[in-house]
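Encoded as structure tokens, the following chain is the form predicted on its own, with no partner shown.
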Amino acid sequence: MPSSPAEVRMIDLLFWAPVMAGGALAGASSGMLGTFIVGMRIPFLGVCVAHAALAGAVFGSLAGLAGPQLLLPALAGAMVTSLSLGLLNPGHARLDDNTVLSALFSATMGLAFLGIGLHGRYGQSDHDVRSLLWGSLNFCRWRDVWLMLAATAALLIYVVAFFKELRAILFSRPLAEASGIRATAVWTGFLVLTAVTLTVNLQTVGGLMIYALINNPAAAAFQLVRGCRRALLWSAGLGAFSGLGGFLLAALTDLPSGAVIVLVSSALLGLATLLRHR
């Protein structure tokens, strides 16, 4: 038993350390993704892949998997969607990027909620998949943090290695292809890492709220700075601040952490917009 208030505070800090680290990593990695997703004006991409991961987890749960085991079917669902998006050329399909994403988002969301409904029909608990829907940052542990750290590191290495190519694709994919860049291969690789990053973040932020961490920090960064490189750094920083600051504010006010993280990121976007106008 702890014998002093200092020891009690140390125990509390050790208990909440993985939660704070998880929140910061989820925000930073989602912010990095958002720089390219928002920059290419395809905001549905993140939520589409997240719901594909959710649908995979739902049907994995129906198959009898639970807890950390749901990571594999969730990753499979996200990967299938990401590869489909990466290999599909919207120009050949005569469809706009956002039209394709909207169709995939509708399909994956429909599959996810169909699977949740089937849990009741077959008398199975849907507790695990509902936690993925809303997020559960307070239950983040060090094993989750290490997975998030590995995914964030892989994403960072890829962005650094292919920064020029990604920046060219962000400016114009047809022009990038015309200049000799293998745009499909580079973009598909980015989408695969998007699938991995969002899947490991799903249990922290939740499928319904991860969209805010992708969109808001990146949109705020584009309000404050010019240039892709600076926007990338600011987006990651604002995302980390949203995740960590949102959790701390939620802990102080005894409010749901996921919702507070979303509101903090929204407030940062509003503040950045006001600063730009001034």
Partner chain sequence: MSPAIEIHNLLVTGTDRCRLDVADFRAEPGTLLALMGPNGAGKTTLLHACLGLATVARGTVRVLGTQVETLSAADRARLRRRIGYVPQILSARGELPLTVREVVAIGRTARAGCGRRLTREDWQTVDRWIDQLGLSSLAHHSFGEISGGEQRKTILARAMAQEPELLLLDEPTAHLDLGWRERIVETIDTLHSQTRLGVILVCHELEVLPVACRHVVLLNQGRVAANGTPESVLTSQSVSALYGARFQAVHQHGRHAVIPGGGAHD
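Just so we're clear, the structure is a prediction, and the values are computed from it rather than from any experiment. Positions refer to the first chain, counted from 1.
FYI, the form predicted in complex with the partner chain isn't displayed, but the following is about it.
- When contacts are judged by a 4.5 Å heavy atom cut-off, residue 180 counts as touching the partner chain in the model of the complex.
- Residue contact check for residue 222: one or more of its heavy atoms lie within 4.5 Å of the partner chain in the model of the complex.
- At the 4.5 Å threshold, heavy atoms of residue 46 stay clear of the partner chain in the model of the complex, well away from it.
- Though the partner is left out of this view, residue 227 does reach within 4.5 Å of the partner chain in the model of the complex, counting heavy atoms only.
- This chain is drawn without the partner chain; in the model of the complex, the residue among 106, 172, 84, 99 with a heavy atom within 4.5 Å of it is 172.
- Proximity to the partner chain in the model of the complex, defined as a heavy atom within 4.5 Å, holds among 28, 212, 70, 231 only for 231.
- Stretch-level contact check against the partner chain in the model of the complex with heavy atoms at 4.5 Å: of 71 to 79, 156 to 164, 196 to 204, 117 to 125, the positive one is 156 to 164.
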